[in-house]
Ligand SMILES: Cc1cc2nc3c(=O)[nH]c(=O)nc-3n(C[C@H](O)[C@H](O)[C@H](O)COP(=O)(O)OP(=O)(O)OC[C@H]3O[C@@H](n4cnc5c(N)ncnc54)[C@H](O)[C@@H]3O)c2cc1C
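A single chain comes next, written as structure tokens; it is the form predicted alone.
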């Protein structure tokens, strides 16, 4: 009777989900997947939740429903705290779990380069909570501007700044331009949303530096058509609740969104485990740790270089392929076969600049405009999302997105409210927290 292998997966993102699927119903394998959330989030569309184009339920699916047909997979909601590689156990907030094989894929979070005090004033975009908080701030800015009599304060409310000219920043800025110039254009009486100011700030000489210069310039022109101002070679020196400073320049803005840098998130690791840039964990060619071959790290948390020596980017296709690879490796190991090295199949880069606009770089194929957007929709949604009803989801999303359908434009307050004695409305003293309620939660 073969010994049952206990596989523990920390993180239900693209790595964890695809690794679990690959090990589903495999004899001799017992899988436990732990994530702080009970859902798998399709992060590439997170910015559309933040910009009120889609609701949370359209880009997140419960992990249990995705993996319910696999009898050997146990799913738990919890947060990993620390790792003891000598005892082969992980401590979480719901208990301690032993393993034979461990896969760590906790993803990444934003970094403010030592200025963490900026976070309350400029939230990043990595979670549903952050997306709904950004949506609340953006929509509330228009509401406050509508009620404001002072012209200067009105202008401040209608000024939006996005920090970071990578794909996330470009997508947010483009969506902000469309939100103000199309979706909200006729909804207000005292203000003209089309006159809103959207500023995209990039520290480097151009936006989208990972793309070719020609595609970067095309993206910049498309953003400018949406009214987005692009400020390059500018570094942020301070952010306050009502302004952002770039050296001697100061922009009055009520809403600042951070998309400038990320670093690996995860559990507390022993000191002997080597880390690289952005606090990523250095892994071997098979994604394992050099000192502990029974531990694998993948996705945004891993520092892995391709055959040319260039570190792989934190993209969904990278995480998806690594998850599938780890499932194959574990199945081969159970059969007594030797390990293989991971090789990333580059499917190119894509970035959207609003509806029907995108840029695509497949190496030998470079294009922009509507054709690039269609290819982005097919590749980014259909082939990556992996939901059972993915075609239905894709068609419904594409139809509503192209038609400017009014999405989830709900201002969900961060405040818990309840009626106490005498029907007096009360507020939670923790209402200043940056963790708002998600759609469908308590009012």
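Predicted model only: the values in this text are computed from it and were never measured. Residue numbers count along the first chain shown, from 1.
Although not depicted, the form predicted together with the named molecule is the subject of the following passage.
Using a 4.5 Å cut-off to the named molecule in the predicted bound form, each of 13, 37 and 316 places a heavy atom inside that distance. Contact annotation: residue 106 falls within 4.5 Å of the named molecule in the predicted bound form, judged by heavy atom distances. The closest non-hydrogen atom of residue 46 lies within 4.5 Å of the named molecule in the predicted bound form. Remark: residue 78 counts among the residues lining the named molecule in the predicted bound form, judged by a heavy atom distance of 4.5 Å or less. Contact check for residue 300: a heavy atom falls within 4.5 Å of the named molecule in the predicted bound form. Stretch-level contact analysis of 111-119, 204-212, 79-87, 243-251 against the named molecule in the predicted bound form, using heavy atoms and a 4.5 Å limit, identifies 79-87.
Just one of 125, 295, 269, 184 comes within 4.5 Å of the named molecule in the predicted bound form, counting any heavy atom, and that one is 125. Out of the listed residues 180, 216, 168, 255, 168 is the one that sits within 4.5 Å of the named molecule in the predicted bound form by at least one heavy atom.
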